[in-house]
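One chain follows as structure tokens, the form predicted alone.
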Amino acid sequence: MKLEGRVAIVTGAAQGIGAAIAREFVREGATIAAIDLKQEVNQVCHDIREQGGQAKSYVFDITDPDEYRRCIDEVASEKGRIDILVNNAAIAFYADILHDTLEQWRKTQAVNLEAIYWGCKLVVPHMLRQRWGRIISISSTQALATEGELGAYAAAKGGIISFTRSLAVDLAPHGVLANAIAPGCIHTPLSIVKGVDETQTEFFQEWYVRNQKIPLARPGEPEEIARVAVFLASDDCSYITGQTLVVDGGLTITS
């Protein structure tokens, strides 16, 4: 029970990595506030409660600063504290610089980067009062070794890494740690591009699995990211801040 008694906020918790983190945190003793624009987050929290855990869902758009503030205020009022923030919510679109739009760029930055800033802005005062906190932001290996048609996504995920470093320096005197996780090819709904599951294509199986572009020769699972998040959220993580843990099966070490 590494997170017993902790209150955690997880964004993008309706599916994939966010849902896995919410479930894993509850298994480790945390109380969860699960945020998502999708109604499916209600079912995630229902399932958690059915299994004896504590979780409450909040359905709203995190790019709405007033709604986000109301959520944080409610969690703090009901629980008396906020210990952990997991910035996981993200969107992606595929288009190269010739065909993307300014609207797509701005929407991606609003969800993937600006909302992270605002979420941190809202929870940090609560963490400072208790002189303990953990902020975990989900970046991507696309920030380190990107591919085409993902410029806005890669820029935002790279921004998360830089923001995390600066945030860590700001908060270190107050006992609050800020770190990021950069997942590689993880089997989530974001793996489905234009209706096709990337991890099941012949190209993926040939290049990433049989040729071991991913040395572990398989995509990762959301639960494997969740276990890393548990570590970063716990007291076991006491001397790591401003870092990005790459969880990619070795993808970024191969040429």
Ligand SMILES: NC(=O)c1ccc[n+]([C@@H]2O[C@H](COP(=O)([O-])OP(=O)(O)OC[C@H]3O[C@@H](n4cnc5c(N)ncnc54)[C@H](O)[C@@H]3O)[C@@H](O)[C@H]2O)c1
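Start at 1 and count along the sequence shown; that's the residue number. This structure is a prediction, so every number in the text was calculated from the model and none was measured.
Omitted here: the form predicted together with this ligand. The next part is about that form.
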property	result
Listed residue (Ala89, Val176, Ala156, Cys120) with a non-hydrogen atom within 4.5 angstroms of this ligand in the predicted bound form	Ala89
Listed residue (Ile186, Ala226, Ile214, Cys45) with a non-hydrogen atom within 4.5 angstroms of this ligand in the predicted bound form	Ile186
Stretch in contact, per heavy atom within 4.5 angstroms of this ligand in the predicted bound form, of 167-175, 75-83, 123-131, 138-146	138-146
Proximity of Leu37 to this ligand in the predicted bound form, heavy atoms at 4.5 Å	yes
Non-hydrogen atom contact Cys71 with this ligand in the predicted bound form at 4.5 angstroms	no
Gly16, heavy atom within 4.5 angstroms of this ligand in the predicted bound form	yes
Contact of Ala55 with this ligand in the predicted bound form (heavy atom, 4.5 Å)	no
Stretch 56-72 - residues with a heavy atom within 4.5 Å of this ligand in the predicted bound form	Phe60, Asp61, Ile62, Thr63
